[in-house]
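This document starts with one chain, in the form predicted alone, laid out as C-alpha cells.
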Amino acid sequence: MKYEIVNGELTVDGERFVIDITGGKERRRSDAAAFTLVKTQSFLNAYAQMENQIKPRGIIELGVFQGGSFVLIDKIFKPERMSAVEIDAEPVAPLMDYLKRTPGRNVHFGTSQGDRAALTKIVDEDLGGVLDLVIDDASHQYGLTKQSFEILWPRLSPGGLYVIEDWAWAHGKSRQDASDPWTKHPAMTNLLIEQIMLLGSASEIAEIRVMRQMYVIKKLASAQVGPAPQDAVWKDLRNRGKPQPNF
C-alpha cells in the first residue's frame, strides 16, 4: 500500500499524523487531533516495501518520541503484538490513550534501549516470545545501538527484519564542524561495517539492504533463535585478525 504525505499530513486507518522534521524544542507535540511523525516520504516508501515482504506477529520499536512512529508502524503492519521502549520517562498522553484502546500494545517509558533485562522481558512477556521485526529509531549512538542489536538479534525470528534508522548522521554536512556536539561520538557507520563483515563471515545474516535513511538486516530462514550472551552475535565475525574500522 502507498502512504503519501500531503501538505505535511498523513492519515492511515483513521489515525491522523502531522509531519514535523524540525529539530530541538520547536518540534510539535502529539495531541488529541494528530500524532507527530518525524518521518519523510522516503521513510514511508521504505516501510511500504517492507509491508509486502513481512507479516510480523511481534514488533519492538526502540525510541517513540511523540508516539507517531509507533502508531504508524502498528497501522502499516498490523501485528498481533507490539511493544516499545523510550528513554524519556514522561508518558505521551495521546499515545497512552491509543494503548488503552488497542489490545496487545505496550510502551515502556524511562527505559534505555541498552537495558538487557527490560528488552528480554518485553520479548518474553509483551510479545509472547515471538519477535519478527525490530525498528531502532532511538539514540542513534553506536554503543547503545550495538547493545540493542546484541540483545535482540538472537531473539529475532528466522526471516525476520532488523531496521536501523538514521545511520548516516555522521556524514551529513552539518556534522563536519569540530564544534558539533556529536563530533566525539563514534559514527553509526562502524556498526554497519561490522554487520557487513558478519554477512561476509557466513553468519546468520541473509542480506543487508542499505538506504540513505535506514538499513535493513534480514535474518536467515535457517537461523537459530534464543537468548544469547552479550557478545555472542560476533562469534562468527572473521577479519583476518585485523582491527575493525573506527570512524
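It should be emphasised that the depicted structure is a prediction, and the values quoted were computed from it without experimental measurement. Residue numbers run from 1 along the displayed sequence.
What follows is about the form predicted together with a small molecule, which we do not show.
- Proximity to the small molecule in the model of the complex, defined as a heavy atom within 4.5 Å, singles out one entry of Arg209, Arg27, Lys55, Arg212, which is Arg27.
- None of Ala168, Val163, Ala118, Leu144 but one reaches within 4.5 angstroms of the small molecule in the model of the complex through a heavy atom, and that residue is Leu144.
- Only one segment in the set 125-133, 75-83, 95-103, 109-117 has residues whose heavy atoms sit within 4.5 Å of the small molecule in the model of the complex; it is 109-117.
- Although the partner is absent here, Gln195 lies well away from the small molecule in the model of the complex, with no heavy atom inside 4.5 Å.
- In the model of the complex, at least one heavy atom of His140 sits within 4.5 Å of the small molecule.
- For the chain shown alone, Leu37 is a contact residue for the small molecule in the model of the complex, at least one non-hydrogen atom being within 4.5 angstroms.
- Proximity of Val64 to the small molecule in the model of the complex: non-hydrogen atoms within 4.5 Å are present.
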